[in-house]
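As structure tokens, one chain now follows by itself in the form predicted on its own.
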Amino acid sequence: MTENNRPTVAVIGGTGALGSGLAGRWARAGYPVVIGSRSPEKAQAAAAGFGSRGASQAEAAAAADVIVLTVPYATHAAVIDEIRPHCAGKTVVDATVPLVPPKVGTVQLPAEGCAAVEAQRAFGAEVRVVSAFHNVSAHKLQGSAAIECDVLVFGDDKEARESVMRLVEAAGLRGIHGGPLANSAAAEALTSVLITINRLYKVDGAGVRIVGKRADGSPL
């Protein structure tokens, strides 16, 4: 934890649109950020854009208090295997959606129910997995403009879930508690629905907005 009491955040897959967008927002909010990539050179180039640092995926995970996974589902299991030795005692935020090309507009959840539950089982009990950021358009995260989209946050550990809610707010979004980690299946599936809506209605990044209650339960 740094002097300003903000955790160091590693964004694994941080050279992609979702990862770089989140990393940039957290860096501008004063969080120490490390970009992790299979190519450290690409990570360093991406991180230079907002004054952070780049490293390999394993090095980034080792340097962080909180690890954020923004990797394609096809590499999800392999990345977890690589970084797992460096994640014990930490919170991992999983933004992975189980999209299976070419039918990314069709819901195709894995046998275990969702990618987040797969991640928790792969990491083991020493890691607190929280899932979030499934339904926010990656390209809208670029820059600092406000985004009219809520972020559903799922997790079995209350303290870890609350810490991720703070990261959501730091990124300029509103977090909504979505319940236990298994409920991540709803948000992961909804991503395919939003992709279909974008295509059929020519929408520039459809998102989710919850009405009626705030994240703390108070009326909106």
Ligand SMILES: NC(=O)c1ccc[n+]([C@@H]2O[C@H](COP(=O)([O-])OP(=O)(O)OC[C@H]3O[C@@H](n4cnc5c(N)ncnc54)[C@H](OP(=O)(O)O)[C@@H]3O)[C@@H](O)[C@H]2O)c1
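For every residue, the number given is its place in the sequence shown, counted from 1. Bear in mind that the values here come from a model prediction, so they are computed numbers and not experimental data.
There is also a form predicted together with this ligand; it is not shown, and the following applies to it.
In plain terms, the part of the chain that comes close to this ligand in the model of the complex, with a heavy atom within 4.5 Å, is 131 to 139 out of 131 to 139, 106 to 114, 83 to 91, 146 to 154. Interface residue remark: residue 203 is not counted as part of the site for this ligand in the model of the complex, having no heavy atom within 4.5 Å. In the model of the complex, this ligand lies farther than 4.5 Å from every heavy atom of residue 119.
By the criterion of a heavy atom within 4.5 Å, residue 127 is excluded from the residues contacting this ligand in the model of the complex. Taking the partner from elsewhere, residue 53 is found to have every heavy atom lying beyond 4.5 Å of this ligand in the model of the complex. No member of the trio 163, 175 and 209 reaches this ligand in the model of the complex with any non-hydrogen atom inside 4.5 Å. Shown here without this ligand, the chain has no residue in 111 to 129 lying with a heavy atom within 4.5 Å of that partner in the model of the complex.
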